[in-house]
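There is one chain below, alone, in structure tokens, taken in the form predicted on its own.
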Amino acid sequence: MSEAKKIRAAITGVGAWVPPDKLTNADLEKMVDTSDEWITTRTGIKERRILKGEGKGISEMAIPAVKVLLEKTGTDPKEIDLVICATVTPDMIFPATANIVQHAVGMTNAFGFDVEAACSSFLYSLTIARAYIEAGHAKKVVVIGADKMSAITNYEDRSTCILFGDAAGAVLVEACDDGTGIIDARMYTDGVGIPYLYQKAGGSKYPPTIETVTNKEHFLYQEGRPVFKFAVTKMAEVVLEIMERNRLKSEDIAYLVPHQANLRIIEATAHRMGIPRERAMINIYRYGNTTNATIPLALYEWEHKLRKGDNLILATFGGGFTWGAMYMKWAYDGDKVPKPSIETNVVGLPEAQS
């Protein structure tokens, strides 16, 4: 089989949705001992979106994100074979949020499941979608990245409450034989990171009790320094590994699409790759770390700048530790995609505008 006719899994559309309510650095100054200068210098974040209201889980964001995706791509929900939801904050322990979204949107011929690998869940999920597509077991796969980090953030802890926001993004993955699509991916896991980034209670080891709630053990815990050090090193290393494996030079790459955990981590990775800042998709200052929504949200904002055949490197890092990178050739001209009729609350960034 010639290279041009090789079946690959390609992203053929992107959708996103963010809550309208903002939590700015000025707001946080009234809540904890911090300042806009302190937050911006250390993270690059200016504001983040928060999903407000009782009884609202990530499906509240994922459902409109998927509806935007299907509308933009002209896809009948019944054509979807598989739904994968990447998240660390599902609506419930079970059923899977993928099932909830599948039912709500009318993807009645699809089966679905959730994937949890901390902030790397979305990229892990893309590798699963790739496997299903390349094996011929699915033709159309929806991969969702969604998290309501405000649900597990302690807003009395100034070291973590400044970091996270809520959002959802979704991509359509289809078989493609024109040379575009996912070409290579490398994922890693190392349990050495377990003590540094975790949510202690809520699972089978420490089920909810009055004591776990009182001790605030249902909030995420992070030791920033070791996480930052490991992330800077490993995210850059895996990106360079992908570039070397595919004989890519910095000038060959249209964009780096990084997980938006910290601006300094993104800049360090771009520097190691030898690409300028303007070729890294950066929107962390507007949304913060939305965990598994960061990469699809960035793709959604930059979509109209992407051209068929553009080389993209997607990179991620998360608790566990988990990390990885993916090399793909973009499958379509983003400037030809119609705008959705659904309000996404995504304003767009100067970097993402023409």
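Quick note: we count residues from 1 along the sequence shown, nothing fancier. Just so we're clear, the structure is a prediction, and the values are computed from it rather than from any experiment.
There is also a form predicted in complex with a small molecule; it is not shown, and the following applies to it.
Exercise. Does the 4.5 Å heavy atom contact test between S59 and the small molecule in the model of the complex come out positive?
Worked result: Contact with the small molecule, no.
Problem set entry | Partner proximity in the model of the complex: V143 to the small molecule, non-hydrogen atom cutoff 4.5 Å | V143: no, not in contact with the small molecule in the model of the complex.
Exercise. Heavy atom to heavy atom, is G274 within 4.5 Å of the small molecule in the model of the complex?
Worked result: G274: no contact with the small molecule in the model of the complex.
Exercise. Could you tell me if S159 has a non-hydrogen atom within 4.5 Å of the small molecule in the model of the complex?
Worked result: Taking the distances in the model of the complex, the answer for S159 is yes, it comes within 4.5 Å of the small molecule.
Problem set entry | the small molecule: the contacting residue among H137, K216, R264, K200 in the model of the complex [heavy atom, 4.5 Å] | Looking at the other structure, the residue within range turns out to be R264.
Exercise. Since exactly one of I100, A110, V171, A231 fits, which has a heavy atom within 4.5 Å of the small molecule in the model of the complex?
Worked result: Result of the distance check: A231.
Exercise. Can you say which of 60 to 68, 325 to 333, 39 to 47, 301 to 309 gets within 4.5 Å of the small molecule in the model of the complex, counting heavy atoms only?
Worked result: In the other structure, the partner sits against 39 to 47.
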